[in-house]
Every structure is written in structure tokens, then in C-alpha cells.
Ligand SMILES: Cc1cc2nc3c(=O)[nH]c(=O)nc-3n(C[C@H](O)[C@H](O)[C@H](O)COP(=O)(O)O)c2cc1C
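Shown here is one chain on its own, the form predicted on its own, set out as C-alpha cells.
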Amino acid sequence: MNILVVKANNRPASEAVSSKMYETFMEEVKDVKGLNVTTFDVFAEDMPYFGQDLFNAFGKMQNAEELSDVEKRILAAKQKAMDALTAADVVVFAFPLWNLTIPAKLQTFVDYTYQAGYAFKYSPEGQMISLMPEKKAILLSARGGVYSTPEAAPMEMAATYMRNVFGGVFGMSVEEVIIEGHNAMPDKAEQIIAEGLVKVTEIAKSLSAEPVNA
């Protein structure tokens, strides 16, 4: 089974819970026979932001024109992200809630792979058809506040967004472990984090028992 782990926090695990979730997952799967685990660190990769440079590159390629340096970089980065996702049976995202949403570097990974004809297509009637139903996405996310209440849930645009993209649009089955409230309730922080990391360990262990494309 090929597992792609998208690491989307460059803060150390001693300071960032989602980084600790990443490390916990990696420790659990590192020596498991039958699992081919690859990390895609969005903060370490050269990933120019999605925008006009990419569209300029597409136009130049159609006209066989010379690409600029940034156009070459963004095409290469987009292809690398797509190739990594294509090769994965399971893709694990480890990310924080920053200012109610995902880190910009993770958004760039999403932008690179959110492509008609690759992740989804449209039927002749205009209905969207997901193209990755055989894959699984695992969301490992941390947020210091509590956003699981009915009042706060509409403000949470990190795990919700990732679930909508990779589950709703790409068609992957989605599992998640969310650790929340450790900043809002510092007296319970140690317990909250420990209980969440146990769930990370459990979800990592479950992968070794799954057949490919389950």
C-alpha cells in the first residue's frame, strides 16, 4: 500500500500539536511491512502560488514558446504534486487550523491537484463525477479552540474544507482525527492531546490490516 503523508506545518512538534500528530503517525508506520510511506512537506517543496504564472505557462506551452523560470517551476511543482497524489492509495494530511483555515502552502497543494479531468470530470449533463473513489484520505488536524459546537462549526474552514475537497469533489473516503480545545482549556490540554494522539496511533495501525484499494 502506498501512503502519501502531506505535512503542512513547519513548526516543531514541541510547539505545534498537528506536527506532533504527524510525528506520531510516522513513528507508527515507519517499520510496518507492506506500507510504502512517502512524505510531501509543503513547506520544504518549491511551490509557487497558483495564479497567472501557471495560466501563462499553459498558453506558452500550447504555442511552443519559451517559459520563464517561474513558469517552469510552477509547472514542475504542480506535476510533482499530482504525481504524488496519483501514486497514493492513502493520502494523509497533517495540518493545523490557522486563522480559521488551512496554511497557504497546503492550499497551494490543493490548487495544484484540483483539476478537471484529473480529480473530477463533468458528465454530458453537467454533473460532477469524482475520479478518485478508490483512494482514502486521512485528516489529522489540530485546533486550539473548540469548533465542534453548532455555534462555532460554521467558522471552521480547515478540516471542513479538506473534507469537502478530497471527499466531496475528489471522491475519496475520508477518516479524520481532530484534536481541539487544548488552548481554550489549558488545564485539560495534556489529556486532550494525549487522547488525540492515541487515536492517531489507532488509525495508523488500521492501515496495516487493509488491502490495497479497500
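Treat the numbers as computed from the prediction; the structure is a model and nothing was measured. Sequential numbering from 1, following the sequence displayed.
Note that the form predicted in complex with this ligand isn't included here; everything after this is about it.
Worksheet entry | Partner-facing stretch of 141-149, 63-71, 25-33, 168-176, counted where any non-hydrogen atom is within 4.5 angstroms of this ligand in the predicted complex | Contact criterion met by 141-149 only.
Discussion item. At 4.5 Å between heavy atoms, is residue 200 in contact with this ligand in the predicted complex?
Written reply: No.
Worksheet item: Counting only non-hydrogen atoms and a 4.5 angstroms cut-off, does residue 115 reach this ligand in the predicted complex?
Response: No, no contact at 4.5 Å.
Worksheet item: If you check in the predicted complex, is residue 192 within 4.5 Å of this ligand, heavy atoms only?
Response: Contact with this ligand, no.
Worksheet item: Should residue 81 be counted as a contact of this ligand in the predicted complex, where contact means heavy atoms within 4.5 Å?
Response: Judged by the heavy-atom cut-off of 4.5 Å, residue 81 is well away from this ligand in the predicted complex.
Discussion item. Can you list, in sequence order, the residues from 86-100 that come within 4.5 Å of this ligand in the predicted complex, counting heavy atoms only?
Written reply: Counting only heavy atoms within 4.5 Å of this ligand in the predicted complex, the contacting residues of 86-100 are 96, 97, 98, 99, 100.
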